[in-house]
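There is one chain below, alone, in structure tokens, taken in the form predicted on its own.
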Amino acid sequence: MFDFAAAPLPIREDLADAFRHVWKRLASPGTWWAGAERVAIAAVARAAYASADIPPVDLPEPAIEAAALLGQRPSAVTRSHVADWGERGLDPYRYVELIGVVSQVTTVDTFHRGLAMNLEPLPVPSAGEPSHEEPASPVSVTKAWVPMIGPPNIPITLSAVPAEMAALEHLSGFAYMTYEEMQNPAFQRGLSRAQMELVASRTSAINECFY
């Protein structure tokens, strides 16, 4: 799994390990979705990105719509979409976890596409029930479209589902920087800090990030 021996560039082993961690979590029961449902969400998002037919999956229709739109063009998601999905039964906490699944799988897939490599096959789901773990602190919906702990801010977007927020931070730390490393303007990892931020800014612009 995640063998980059044939990659056109040398790939750090710690990054490959981070991807393996993502796949292991993807297959496992989450907070609000079972392992099979999490893998199904990933399959829908992948198909939508490729403009392919959505595979038959055992998911509620609003979840399929959300995964497809997030997978194909997340910038097209509006407050109205989120409200409609909620009215049709997609619980806000389940939606937050869905965002976490799609964003992590998209990160791994985009890495492979950038190397012109085949995508890693989705994992076989593990058995088990979701934990239904509630956040330790109160959550609220303010200017953001999803419940969060504290004022709306990108780093805490997934805070209503702590396990997903921690997983995204873990992946980001290997693919980009940890929050601690961000405090150091001289930090380097292959690229200089200025080069890293230029790539990040350009990526945000291409992805139509309005934050």
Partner chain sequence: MLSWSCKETNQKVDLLPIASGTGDPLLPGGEALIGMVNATLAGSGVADARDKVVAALGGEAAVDAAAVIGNFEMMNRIADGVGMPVGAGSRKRMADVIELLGLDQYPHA
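Residue numbers count along the first chain shown, from 1. Quick caveat: nothing in here was measured; it's all calculated off a predicted structure.
Form predicted together with the partner chain: not shown, discussed below.
- Three-residue candidate spot Leu70, Thr107 and Ser204; every residue lies within 4.5 angstroms of the partner chain in the model of the complex by at least one non-hydrogen atom.
- Contact annotation: of the candidates Ile64, Ala36, Val146, Ala163, the single residue with a non-hydrogen atom within 4.5 angstroms of the partner chain in the model of the complex is Val146.
- A heavy atom within 4.5 Å of the partner chain in the model of the complex is found for exactly one of Leu59, Ala27, Ala43, Leu168: Leu168.
- Taking the partner from the other structure, the partner chain in the model of the complex has no heavy atom within 4.5 Å of any heavy atom of Ala83.
- Shown alone here, Phe111 lies within 4.5 Å of the partner chain in the model of the complex, counting heavy atoms only.
- Taking the partner from the other structure, the partner chain in the model of the complex has a heavy atom within 4.5 Å of a heavy atom of Ala116.
- Taking the partner from the other structure, the partner chain in the model of the complex has no heavy atom within 4.5 Å of any heavy atom of Ser51.
- Taking the partner chain as it sits in the model of the complex, the stretch 173 to 209 comes within 4.5 angstroms of it through a non-hydrogen atom at Ala175, Tyr176, Met182, Gln183, Asn184, Pro185, Ala186, Arg189, Gly190, Leu191, Arg193, Ala194, Gln195, Met196, Glu197, Leu198, Val199, Ala200, Ser201, Arg202, Thr203, Ser204, Ala205, Ile206, Asn207, Glu208, Cys209.
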